[in-house]
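Next up: just one chain, as structure tokens, the form predicted on its own.
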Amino acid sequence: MAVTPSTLREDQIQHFIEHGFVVVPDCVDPELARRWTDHAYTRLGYAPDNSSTWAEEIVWMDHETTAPVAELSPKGWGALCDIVGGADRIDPVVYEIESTHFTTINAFEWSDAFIVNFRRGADQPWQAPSADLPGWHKDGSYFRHFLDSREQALLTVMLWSDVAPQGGGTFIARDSIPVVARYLADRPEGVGPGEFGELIGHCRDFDELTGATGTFVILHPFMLHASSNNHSGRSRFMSNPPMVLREPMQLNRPDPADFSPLERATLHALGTDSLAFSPTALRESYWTAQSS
């Protein structure tokens, strides 16, 4: 059943459908973000005002503190539910993953598992995003990818600090969603996690995600992206909160009004109103369900 959006405006939803992302500002209290990031320095043994103590250029932190998204960021939670078609389409199960930096996926919680870019590449000339740069990828190292996969339902970027241009913001290929969608539609047998990077050669429209503390960017899971260098002299705190669906995307619903914006965006990328997609191989997920 179709769910009436609670948080995003219709023009924001339409932007996601047509362009594959939406920017939602003011999704976290700046004071809470400051407390969490200040404590992150303590956890790392770094001094926030002394860059000589920043031993690593970039750090993937495990979580220490977690909180329900609906309490921590009602606006962010509402936006997520709007894009996937309602909270009842989100998987409440907690999963443990061995093959990524983060050990758990819980779509109903956010945490202080920050990716902190202190000065990655600061000793190198700045390079704007382009297909020539390395590291382009599609998230999801823990499952076999199909057009309708549920395991990486959205790519999300939460900014826990201000991120200025050339400040370590994630690079995105804005025109990559149709490329990835067609690649997967043509391969109903599924695709391994490492097979997407070379598709960047088909892309021409690139951008750098910037914004103020509390900015939340919701992107289609087919958006190719890459880490960038940080030339700002300031540390960049961000996270990629996971989102998992209860069921695979349904791209051939009897009532078109029941399509979620995520499903509509996928169909838009393929240039069709519906698609009877069925995998021809078993779905494989390399994770373990945990009790919540």
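One rule holds for the numbers: they count along the sequence shown, beginning at 1. Only a predicted model underlies this, so the values are computations on that prediction, with no experimental measurement involved.
In what follows, reference is made to the form predicted together with a small molecule, a form of this protein that is not presented.
Looking at 241-249, 22-30, 53-61, 254-262, the stretch with residues near the small molecule in the predicted bound form, meaning non-hydrogen atoms within 4.5 angstroms, turns out to be 53-61. Taking non-hydrogen atoms only, S176 never approaches the small molecule to within 4.5 angstroms in the predicted bound form. At the 4.5 Å threshold, heavy atoms of S235 stay clear of the small molecule in the predicted bound form, well away from it.
By the criterion of a heavy atom within 4.5 Å, H225 is counted among the residues contacting the small molecule in the predicted bound form. The closest non-hydrogen atom of D139 lies within 4.5 Å of the small molecule in the predicted bound form. Between the small molecule and the residues C81, I115, M158, C203, the one pair within 4.5 Å by heavy atoms in the predicted bound form involves I115.
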